[in-house]
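Consider the single chain below, provided in structure tokens and representing the form predicted on its own.
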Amino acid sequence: MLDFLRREGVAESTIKKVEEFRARYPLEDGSHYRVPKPTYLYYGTEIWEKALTALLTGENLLLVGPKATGKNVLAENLAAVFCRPEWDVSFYLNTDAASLIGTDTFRNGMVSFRQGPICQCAEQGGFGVLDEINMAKNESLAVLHATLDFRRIIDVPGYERISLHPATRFIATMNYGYAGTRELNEALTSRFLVINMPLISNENLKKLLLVQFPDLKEEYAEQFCLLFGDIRAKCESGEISTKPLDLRGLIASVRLVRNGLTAAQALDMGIINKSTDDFERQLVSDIVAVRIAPTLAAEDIFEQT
């Protein structure tokens, strides 16, 4: 991961500080399995510089942006770069304090405390990824206030106070466009540094595709990038919903072509059928047909060895 940062153009002084962080906080026994091994890499030097500097300073991060901006990819990459165990916490409407901090349980004839993911992350110096944090009710998130600010503690009623390991960091993600989301209150927002995640550029999307598929012909990598850009333009103009704007679906479609489907079959599954409205589905199908011929197969799109 550090070599990747160098290739991305991240300052050597920042990388050196990351190396010092890793040396200062070696992994504890039994936590190696939680250190992520990213399938996808995040491309964007400026965002990397901001995120790394914030975490090195001891701050928590809030990644804000629309769909397909790589919020979760960046969060996972950051845990890998710092070589820290990762806890993923997915928020939803009924998220409560017990699901975050922990709850009483009956064990060996005694009542004991079963730690939740926030407590485990805090004690082991992990990176906690708080996914779609604005899906939960603000009152249920109030239990995190002392955890996320200068106090860096968790007070569990009836049990001991837990102090955060000095390597612990929290990275929250947020998308305003999803159903069920709400504004975060000021008290919680003030405990994060906020990065507005930019849309992935054609250049970086092409890099991503060619890293995932080294044998993908460059001309088709370019066409897939332009296709994604066309769909995004239609979303931004309000002509279609954001459902077919699915980067994971695009990558999965390329993988399906490699494994034997035609381009039409693969893009139907990965992009077009994400739309539930018949008219929108036809519109997306027309956009796809302009860029990618439906009969294309693996031998056309990939280099043959």
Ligand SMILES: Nc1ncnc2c1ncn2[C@@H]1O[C@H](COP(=O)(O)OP(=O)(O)OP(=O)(O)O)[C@@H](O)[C@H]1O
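Heads up, when I say rigid core I mean the largest set of C-alphas that superpose within 1.5 Å between the two forms. The first residue of the shown sequence is 1; numbering continues from there. Small disclaimer: the values here were computed from a predicted structure and weren't measured.
Just so it is clear, the following notes concern the form predicted together with this ligand, a form of the same protein that is not shown.
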Query - All of Leu261, Gln282 and Val288 within 4.5 Å of this ligand in the model of the complex, heavy atom check - result: no
Report task. Would you mind picking the one in Ser99, Asn175, Ser140, Gln223 that has a heavy atom within 4.5 Å of this ligand in the model of the complex? Result -> Asn175
Report task. Would you kindly say which of Leu148, Leu216, Ile200, Cys119 lies with a heavy atom within 4.5 Å of this ligand in the model of the complex? Result -> Ile200
Query raised in the report: Would Arg191 show up as a contact with this ligand in the model of the complex if we use heavy atoms at 4.5 Å?
Result: no
Query raised in the report: Heavy atoms within 4.5 Å of this ligand in the model of the complex: does Lys71 have any?
Result: yes
Report task. Check whether Glu132 has any heavy atom within 4.5 Å of a heavy atom of this ligand in the model of the complex, and answer yes or no. Result -> yes
**Report entry** Gln212 within 4.5 Å of this ligand in the model of the complex, heavy atoms
**Finding:** yes
Report summary line: TL;DR on 27-35, 244-252, 267-275, 54-62: the one with heavy atoms within 4.5 Å of this ligand in the model of the complex is 244-252
Query raised in the report: What residues, if any, in 33-58 have a non-hydrogen atom within 4.5 angstroms of this ligand in the model of the complex?
Result: Tyr40, Leu41, Tyr42, Tyr43
**Report entry** Did Trp87 shift 2 Å or more between this form and the one not shown, C-alpha, core superposed
**Finding:** no
Query raised in the report: Once the two forms are fit on the core, has Phe192 moved its CA by at least 2 Å between this form and the one not shown?
Result: no
